[in-house]
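Heads up, the chain below is alone and in the form predicted on its own; it's given as structure tokens.
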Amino acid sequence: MLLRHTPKEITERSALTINPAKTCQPIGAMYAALGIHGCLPHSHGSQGCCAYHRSALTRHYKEPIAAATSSFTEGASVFGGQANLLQAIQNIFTVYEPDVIAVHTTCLSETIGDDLNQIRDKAQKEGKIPEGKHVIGANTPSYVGSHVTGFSNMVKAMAAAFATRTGHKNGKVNVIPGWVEPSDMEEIKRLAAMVGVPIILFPDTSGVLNAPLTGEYKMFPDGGVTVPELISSGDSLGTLALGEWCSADAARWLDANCKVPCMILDMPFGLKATDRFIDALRTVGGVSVPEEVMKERGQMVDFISDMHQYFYHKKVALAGDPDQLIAMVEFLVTLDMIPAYVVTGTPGKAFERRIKELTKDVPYECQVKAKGDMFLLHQWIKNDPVDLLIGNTYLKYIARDEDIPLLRWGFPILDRVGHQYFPTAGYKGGLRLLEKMLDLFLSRRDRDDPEQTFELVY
């Protein structure tokens, strides 16, 4: 798997992806569904697909991922999976008693053309869905988009299935966090509580995929957004959607159908994006920002000021998801670093335009590619090396071959732990990102400096 034979000469590829910087839609849909309390995700396809999706999430979060499958066989693959899904819905409610079954499609069921809404209505009419229980569905064909697209489709399905407008405002603000870690969702809730704005966060995987070990098994952990909260989201004061690719579709649906006004923000990674999130909370909630939040911001600014010389004009290559990369690139520019190469596997020319806009004043021609892959990223690096890599575990091969430090960030992280418990969002999370980058730079100096410049204190 080592990549030492990657050529420096770059040729245009239109029909070949090598080492993709993404995975498939159902993984994102499954992760989003786990953010509903008492929800069992259901993969409408073959057992093999479901096993892969569960495995991908388990390896990242180091938690067992519960999910069901329609278990397509040859017959279902030809004639459709309606009978399988109807039987599955009945079995799941009988055996596991979830509050919600969140169904997502796969390549197979999408190619056949199964209609999830029609199948759910048939299950309702046949009495297979008990009173007070719910089945929701999202179309997530694996052969288009990415895991980010699947996450967005499932979150929009949550809003469409549950949000109800009664005409009586609940005094809360919806926050759609996008695909971030459970620890980041906890941090978003903590910041909102500090500002004094009651929120409905959905989905919310905190307390689900970073739940404590108590010695008592629970099929459905205590965390997650509840069904009553999702229903109430149609009466909120407004919606803050964190990330255009992951969160905007659900927010716009709430705006159009429940008259809940929305703001599309960047994910709150780094100084400026967190500032905008706090200011949006303040504006929509009609409150003032308390001194405790200003103190946390000041600590982050102090760190940047004290350690700026170590970050200045360091060149960085990044791979990951669009919403996360946009916020991270802005953060790097704020630090006077150079985001030289940026690659995402998720399609979208708007992403390339946004990165170009963020880097327009950087003294280096930054290269960006949407629907790109890590092979291209490696070729760019071979032609002009960088000081740091930022991205998921799959970048470790480039890191090893080119001898470049790697900051593991994003999805999936398979060979380290901590991302489930320690946030990188918000001001406290920004401090952690700064500390991790600084440690990589200074550890490299400790390794490489000759004796005459090997100092006790840099």
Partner chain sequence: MREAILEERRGQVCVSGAGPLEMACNRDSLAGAVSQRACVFCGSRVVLYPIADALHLVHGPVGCAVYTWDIRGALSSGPELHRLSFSTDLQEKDVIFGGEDKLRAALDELIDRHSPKAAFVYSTCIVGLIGDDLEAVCREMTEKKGIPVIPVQSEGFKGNKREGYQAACKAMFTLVGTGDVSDVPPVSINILGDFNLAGEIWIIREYFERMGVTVVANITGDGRVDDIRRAHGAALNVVQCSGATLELAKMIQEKYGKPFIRASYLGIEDMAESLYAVAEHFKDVDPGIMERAEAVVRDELAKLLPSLEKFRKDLKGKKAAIYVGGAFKAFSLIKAFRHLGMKVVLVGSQTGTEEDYEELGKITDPGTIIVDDANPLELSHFIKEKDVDVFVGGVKERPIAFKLGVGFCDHNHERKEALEGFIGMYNFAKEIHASAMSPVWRFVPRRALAAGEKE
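Numbering follows the first chain given and starts at 1. Just so it is clear, the structure is predicted and the values come from calculations on it, not from any experiment.
A second form of this protein, the form predicted together with the partner chain, is not displayed here; the remarks below concern that form.
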So the partner chain isn't shown here. In the predicted bound form, which residue out of D384, E97, D279, E126 has a non-hydrogen atom within 4.5 Å of it?
E97
Of K314, K371, K172, H134, which residue is found within 4.5 angstroms of the partner chain in the predicted bound form when only non-hydrogen atoms are counted?
K371
Run the contact test on C246, P290 and Q452 with a 4.5 Å heavy atom cut-off to the partner chain in the predicted bound form and return yes or no.
no
Partner proximity in the predicted bound form: N117 to the partner chain, non-hydrogen atom cutoff 4.5 Å
no
Give a yes or no for I27: in the predicted bound form, does one of its heavy atoms lie within 4.5 Å of a heavy atom belonging to the partner chain?
yes
P212, heavy atom within 4.5 angstroms of the partner chain in the predicted bound form
yes
Within 4.5 Å, heavy atoms only: does F72 come near the partner chain in the predicted bound form?
yes
Partner-proximal stretch of 181 to 189, 214 to 222, 271 to 279, 163 to 171 relative to the partner chain in the predicted bound form, 4.5 angstroms, heavy atom
214 to 222
Residues of 51 to 68 having any heavy atom within 4.5 Å of the partner chain in the predicted bound form, listed in sequence order:
A51, Y52, H53, R54, S55, A56, T58, R59, K62, E63, P64, A66, A67, A68
